[in-house]
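As structure tokens, one chain now follows by itself in the form predicted on its own.
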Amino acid sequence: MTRYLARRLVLAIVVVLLVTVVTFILLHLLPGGPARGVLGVKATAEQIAAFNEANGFNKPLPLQYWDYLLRLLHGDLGSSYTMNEDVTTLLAERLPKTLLLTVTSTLLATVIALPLGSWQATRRGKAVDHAATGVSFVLYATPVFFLSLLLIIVFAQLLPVFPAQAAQGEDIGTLLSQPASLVLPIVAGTGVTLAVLGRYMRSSTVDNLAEDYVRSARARGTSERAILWRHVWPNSLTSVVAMLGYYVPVIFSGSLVVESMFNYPGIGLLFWTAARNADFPVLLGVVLVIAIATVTGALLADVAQLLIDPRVRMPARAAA
């Protein structure tokens, strides 16, 4: 198992490096380059040349990436072209706020979706199942930006219960000191994840209820409650945990939209601001954080599967 996890860790590092390579190339293929984005469309050829010389953009692309990689190995992500701060400092300020939003939303969605999906599966085909399925389909089909806009109109304008904008401040304490400002962003972030997890848990539970081991348990006189919680729930949970680990990039993508809609001061809002200004160091830093979060989520999902389901350990031992 240790060798298996070591292989997965090495693979995760390779994936992160590949993501940086692809992102680096794509950013440098954008028309105009960073000089035009930072200096504006009225910048002269001399100003652009001076900017490229000062930031090393006149070097061949492989050499630029090699320089970036060397700085990265020393923990240097560069400096923002427009915010006059180190990218590391910017990410250190914004990342805890994004984690507060994404982790809270995901936990809330998980706590609601898992029992709801199991409850629906045990009432498959009944009116309550159809009603819950209809609601989840509507929620799943609703874009995050539209759900955010709807929440702002209803709960911030028509019924002024919660503020439409998140609390602003450099530290996470400012956000926590005004919990009402977190309600709408968290609800918006929870919506789609809740629908996806609920549907997945329902399908997984329905499939497991049709397995032979459930029929055998019923034949032995085991109660339906015991079958559900002792046998079906752990097997269904394994699939959901695996899916949740690989769902990390979708969660982060949703947070980018939610943060821009509620002016939430996380890395999502930082990404949009950097994208508008062609601030390459910040864009690369945000993509690097999301890539690391994605591979970490996948790795944790694999570990959780190994711990929850003994059947998974056998292929893992064979692979090791």
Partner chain sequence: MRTIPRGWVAALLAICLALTACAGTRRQHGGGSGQPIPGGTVSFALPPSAQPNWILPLALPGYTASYNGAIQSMLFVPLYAYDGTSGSVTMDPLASAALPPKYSADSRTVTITLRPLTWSNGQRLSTRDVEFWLNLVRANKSEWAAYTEGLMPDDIVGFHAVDDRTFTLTLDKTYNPDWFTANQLTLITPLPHSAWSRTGPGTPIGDADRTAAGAKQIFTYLASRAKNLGGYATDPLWKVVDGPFALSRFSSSGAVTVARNPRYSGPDRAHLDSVSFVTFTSASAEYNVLRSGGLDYGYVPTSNLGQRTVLEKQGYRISPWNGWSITYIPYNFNNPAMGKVFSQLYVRQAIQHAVNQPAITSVIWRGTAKPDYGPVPQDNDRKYLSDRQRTNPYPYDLNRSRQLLAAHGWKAGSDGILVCRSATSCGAGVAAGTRFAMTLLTESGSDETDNTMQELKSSFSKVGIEMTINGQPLNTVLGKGTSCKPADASCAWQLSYFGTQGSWYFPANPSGEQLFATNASVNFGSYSDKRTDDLINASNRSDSGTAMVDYSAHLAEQLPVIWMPNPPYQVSAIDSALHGVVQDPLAGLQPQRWFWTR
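Small disclaimer: the values here were computed from a predicted structure and weren't measured. Positions refer to the first chain, counted from 1.
We do not show the form predicted together with the partner chain, though everything after this point is about it.
Quiz item: Ok, 284, 269, 251, 291: which has a heavy atom sitting within 4.5 Å of the partner chain in the predicted bound form?
Solution: Only one option qualifies, and that one is 269.
Practice problem: Could you tell me which one of 134, 179, 143, 234 places a heavy atom within 4.5 Å of the partner chain in the predicted bound form? | Solution: Exactly one residue meets the criterion: 179.
Quiz item: Can all three of 84, 162 and 278 be found with a heavy atom no more than 4.5 Å from the partner chain in the predicted bound form?
Solution: Yes: each residue has a heavy atom within 4.5 Å of the partner.
Quiz item: Would residue 96 show up as a contact with the partner chain in the predicted bound form if we use heavy atoms at 4.5 Å?
Solution: Heavy-atom contact with the partner chain at 4.5 Å: absent for residue 96.
Quiz prompt | 4.5 Å heavy atom contact, residue 273 and the partner chain in the predicted bound form | solution = Yes - in the predicted bound form, heavy atoms of residue 273 and the partner chain come within 4.5 Å of each other.
Quiz prompt | Contact label in the predicted bound form: residue 261 to the partner chain, heavy atom within 4.5 Å | solution = Yes - in the predicted bound form, heavy atoms of residue 261 and the partner chain come within 4.5 Å of each other.
Quiz item: Taking heavy atoms and a 4.5 Å cut-off, does residue 58 contact the partner chain in the predicted bound form?
Solution: Judged by the heavy-atom cut-off of 4.5 Å, residue 58 is well away from the partner chain in the predicted bound form.
Self-check item: Segment assignment from 144-152, 197-205, 210-218, 67-75: heavy atom within 4.5 Å of the partner chain in the predicted bound form
Solution: Among the listed stretches, the partner-contacting one is 144-152.
Self-check item: Partner contacts in the predicted bound form for 38-77 (non-hydrogen atom within 4.5 angstroms of the partner chain)
Solution: Read in sequence order, the residues that approach the partner chain (within 4.5 Å, in the predicted bound form) are 38, 39, 41, 42, 44, 47.
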